[in-house]
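A lone chain, given as structure tokens: the form predicted on its own.
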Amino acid sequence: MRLNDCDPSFKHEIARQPGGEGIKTCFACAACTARCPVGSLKPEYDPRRLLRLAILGRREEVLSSPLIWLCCSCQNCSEVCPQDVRCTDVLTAIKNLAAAAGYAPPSGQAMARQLAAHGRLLEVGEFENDKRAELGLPPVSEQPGDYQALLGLKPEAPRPAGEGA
């Protein structure tokens, strides 16, 4: 790690976010890590390390990390913190900064791809529309144009009902 790679104002930026003020009182004691259910299932997830990197100003490393999205907001870490840092709130503030900087969680990226392709999270194809017809329901057509516009993509023409990808 090089000193030039650090942004000393990053912790202050986090502290200005709702819930992020606890970052300034965290001294990375690791009490949060001991009770983390995600960390027990996924050893590379360590909330103490993420908070420590944020305090050190490792902005890009923290915001681009897929690990920040794994916090399940169980509050176990907050219950044992000797400094009363609400780690889940601080991680939420970091997630908000990451989202504003253009880093989306993997699940959000998958949802964006589905919305861009189909205009809904689940593809409705010929099979589903045949079942809908048997029940007397109208067919569902894919209209991804609105979502493509929101995602900054060039809108495609809507597909007729029943025409699968």
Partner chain sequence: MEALLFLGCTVPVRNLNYELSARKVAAHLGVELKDMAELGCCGYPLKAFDQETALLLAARALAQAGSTGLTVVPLCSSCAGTLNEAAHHLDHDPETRARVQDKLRPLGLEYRPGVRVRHLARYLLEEVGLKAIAQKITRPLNEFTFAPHYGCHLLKPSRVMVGFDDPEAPTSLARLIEVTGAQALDYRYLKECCGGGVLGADEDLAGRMAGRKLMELTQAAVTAMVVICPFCNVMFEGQQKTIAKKLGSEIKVPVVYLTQILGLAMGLSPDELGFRLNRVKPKELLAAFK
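Residue numbers count along the first chain shown, from 1. What you are looking at is a predicted structure, and each value in this text was computed from that prediction instead of being measured. C-alpha atoms forming the largest set that superposes within 1.5 Å between two forms make up the rigid core.
We do not show the form predicted in complex with its partner chain, though everything after this point is about it.
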query = Is residue 140 close enough to its partner chain in the predicted bound form to count, meaning some heavy atom within 4.5 Å?
reply = yes
Contact of residue 124 with its partner chain in the predicted bound form (heavy atom, 4.5 Å) = yes
request  = Could you confirm whether residue 61 comes within 4.5 Å of its partner chain in the predicted bound form, counting heavy atoms only?
outcome  = no
ask   = Is residue 105 a contact residue for its partner chain in the predicted bound form, using a 4.5 Å heavy atom cut-off?
value = yes
key: Residues in 99-137 close to its partner chain in the predicted bound form, defined by a heavy atom within 4.5 Å, in order   = 99, 104, 105, 107, 108, 111, 112, 115, 119, 120, 121, 122, 123, 124, 128, 131, 132, 135, 137
inquiry  = Rigid core aligned, does the Cα position of residue 17 differ by 2 Å or more between this form and the one not shown?
reply    = no
message = Given a superposition on the rigid core, I'd like a yes or no on whether residue 136 shifts its C-alpha by 2 Å or more between this form and the one not shown.
response = yes
request  = Pin down for me whether the residue 92-residue 112 Cα distance shrinks or grows in the predicted bound form relative to this form (closer or farther, change of 3 Å or more).
outcome  = closer
message = If the C-alpha spacing of residue 46 and residue 110 moves by 3 Å or more in the predicted bound form, is that a move closer or farther apart?
response = farther
